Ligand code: SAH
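Just one chain follows, in the form predicted alone, and it is written as structure tokens.
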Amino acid sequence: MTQTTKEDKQKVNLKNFNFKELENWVKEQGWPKFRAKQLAKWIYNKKVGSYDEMTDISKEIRQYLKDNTQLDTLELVSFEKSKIDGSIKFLWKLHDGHTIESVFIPERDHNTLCISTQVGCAVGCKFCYTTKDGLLRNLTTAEIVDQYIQVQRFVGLEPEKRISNIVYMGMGEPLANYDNVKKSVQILTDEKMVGLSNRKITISSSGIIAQILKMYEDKEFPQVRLAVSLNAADQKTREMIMPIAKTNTLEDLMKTLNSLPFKTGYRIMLEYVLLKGINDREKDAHNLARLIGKNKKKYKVNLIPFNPFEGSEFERPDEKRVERFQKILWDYNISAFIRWSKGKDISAACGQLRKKQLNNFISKQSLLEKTNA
């Protein structure tokens, strides 16, 4: 477990740098350029937890790194493994006492990591547990990237345990933390750093039109997959369950998505959380098909049966209702898949991430601090 001290908070964190920035920082220290590749190899390829493990770097430089930089940013508070599907939910403490969660999801032929980008969320989707606390702050680039590094280190570095897929679907709205998310994607896709395939990274958004356009127009933002949380095929319903629809209307959102350049292998995923009696009726499926219209090849629909949480006003539809919804879409030749969320038994499924253990954790910490004061 990584312990973060007050002194660490003042140190430079190397995981905040993309490769160009890392090279510039190395140059500022008066070191040769190749040191950047060495550091990137140890941090992202070897995923070391201490500078002492960087054996091809001199002791003098390693001591300088210890004194002036920070390697890890997250402190593992707890983890919980699903007995049903093997998913693992991690609770991390940040330097300021806040916590976030990330989820490791083992698949049949690959491993996926669901990462968070904010502490809390300001979007306010009524079917999501994360938003109950509002937005507390954005995560830094290092805090985003460190979720990948530390989870990979935790599950093991063997080839079969490699995390190949990253989904920005944890706590927060990724495109509301644009700069840090962009830089984290640069780090994750750079062959000199993590080196994941662009196609294996998905950024999920609630549909902030200006930010989606910004991402597609930004030449420095690596091309990755986009998933949009749609959840309704009419403005009234979407506005009711997703307040953001008041300023980012369904009509404007679909016009924007339809206008985006299409590249083979990068279909836009329309995420649709099915809420019993709200948006799961047959007429809703027909409306969704009409909304997609002639752009069927551009989209893939992910149907997500609602995952209940404490205090929720919504219910989960039964399997037959979900399958009927899917069949209607397939009858329109629309690619529609049911995403039976993993990790439900440990509250790690879609929409369930929240600092579930945070209240007790913070109260204990506060008590210790008061006792020691």
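These figures come from a predicted structure and were not determined experimentally. We number the residues from 1 along the sequence you see.
Another form exists, predicted in complex with the ligand; not displayed. Remarks below refer to it.
Among the residues Asn177, Thr141, Ser206, Thr99, the one placing a heavy atom within 4.5 Å of the ligand in the predicted complex is Ser206.
Proximity to the ligand in the predicted complex, defined as a heavy atom within 4.5 Å, holds among Ser87, Gln147, Thr73, Asn231 only for Asn231. Stretch-level contact analysis of 74 to 82, 89 to 97, 197 to 205, 181 to 189 against the ligand in the predicted complex, using heavy atoms and a 4.5 Å limit, identifies 197 to 205. In the predicted complex, at least one heavy atom of Glu173 sits within 4.5 Å of the ligand. In the predicted complex, the ligand sits within 4.5 Å of a heavy atom of Val273. Cys128 belongs to the set of residues with a heavy atom inside 4.5 Å of the ligand in the predicted complex. The ligand is not shown here, and in the predicted complex it never comes within 4.5 Å of any heavy atom of Phe104. Annotation for 61 to 76: no interface residues with the ligand in the predicted complex [heavy atom within 4.5 Å].
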